[in-house]
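First comes one chain, alone, set out as structure tokens in the form predicted on its own.
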């Protein structure tokens, strides 16, 4: 492994990272515009919740040891309380009278030094939700036009194509047909039902799947067909459940995306939506996008893949031909474990499919974030190195399992895959990385 966290350079020693979105956005600001936008957001979009959080903090420092940035770097500037102090606290204290340079630094903190993982909220004696405050800071930055370029480009893709990866409508449908043909070579007669009205399930995925991980659509088709599921996938925009606009602070675009997703499910008259293995998309569909539209709960029931796999195995609809033999460990994605409580369901499926399961320590809702979620990995190459070295604690977690024989890390989330791939490579951990669907597909009994 690389040098320990105690020797990693502190934020104070890092030169300011160049980013077109931040640098050019700040160049257009004036103190008057900053004050106007800040006060508009604070007066019209926040309230007692923000005031209570800011005024309740007693600087006890218990949040520090909960944060992977702080634990990895041992620099107080990365403490969750310090992140609030560098951003919203100062803004509130000065009533929005802050400089463009302040906004530039606040944007970098909010977008690239916090994954919104909410682990710190579990250790705060008052339950202060730092993620909410960082999202409020991102909202201010979005309205000021100060957003990291890579994640802003992704939000532009959402607005132009209603998916994260600029996938055209015909390309999406071609991908479904292509994966159906591939699967039919293994299982003749297998179909990916497209635009089927009245099905029990609409299966939805995130934009990178047709672009980079089409095999996951193939595997899902095999699993759903073997389980005898009554399912469909849409041919129209609304198939992508991902949402980087949620993380840029573009709440209006987030609402448009979720409206399109839910309206697609409603048009197809499906009974529920089953989502692929993605954490941020689940957070968007189940917890934030629906509320941006004024709904307490989604208008169509939403089930994450982990919960659905559990249902299938509990009902005996998927049979295991032979368990996966390599020793495995499990990374708990923040948005579906800490955020949704699917930890025991996930372990049920892992134990059903794997011969030798070794836990990370800590685990379940106490597990450390991958340091990619919350839109941080989507801020792109300029911030990659900071992201990777800021999570040496995750590398230590994985390394400890390899000493017990672990060869495979199961990470049931796309962003977690991206973040852990970088960590495994940087720290030379020498383990494979798989989705839970990869394991299920490999071990299940397939139709003759």
Partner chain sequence: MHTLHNLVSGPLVWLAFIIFIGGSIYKLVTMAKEAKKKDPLVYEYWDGNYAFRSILHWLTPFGSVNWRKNPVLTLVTFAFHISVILVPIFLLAHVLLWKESFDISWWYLPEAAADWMTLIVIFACIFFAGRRMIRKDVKYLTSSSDYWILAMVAAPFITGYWAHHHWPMYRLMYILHILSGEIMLAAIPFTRLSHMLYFVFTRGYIGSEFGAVRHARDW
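Residue numbers count along the first chain shown, from 1. Note that the structure is predicted; figures quoted are calculated from it, not measured.
We do not show the form predicted together with its partner chain, though everything after this point is about it.
- A single residue from the set 225, 86, 356, 161 has any heavy atom within 4.5 angstroms of its partner chain in the model of the complex; that residue is 86.
- Scanning 172, 203, 286, 308 against its partner chain in the model of the complex with a 4.5 Å heavy atom cut-off leaves one residue, 286.
- Proximity of residue 129 to its partner chain in the model of the complex: non-hydrogen atoms within 4.5 Å are present.
- Its partner chain in the model of the complex comes within 4.5 Å of a heavy atom belonging to residue 79.
- In the model of the complex, residue 211 stays away from its partner chain, with no heavy atom inside 4.5 Å.
- Heavy atoms of residue 254 never reach within 4.5 Å of its partner chain in the model of the complex, leaving it off the interface.
- Only one segment in the set 380 to 388, 56 to 64, 404 to 412, 23 to 31 has any non-hydrogen atom within 4.5 angstroms of its partner chain in the model of the complex, and it is 56 to 64.
- Contacts with its partner chain in the model of the complex, taken as any heavy atom within 4.5 Å, map within 87 to 124 to 89, 118, 121, 122, 123, 124.
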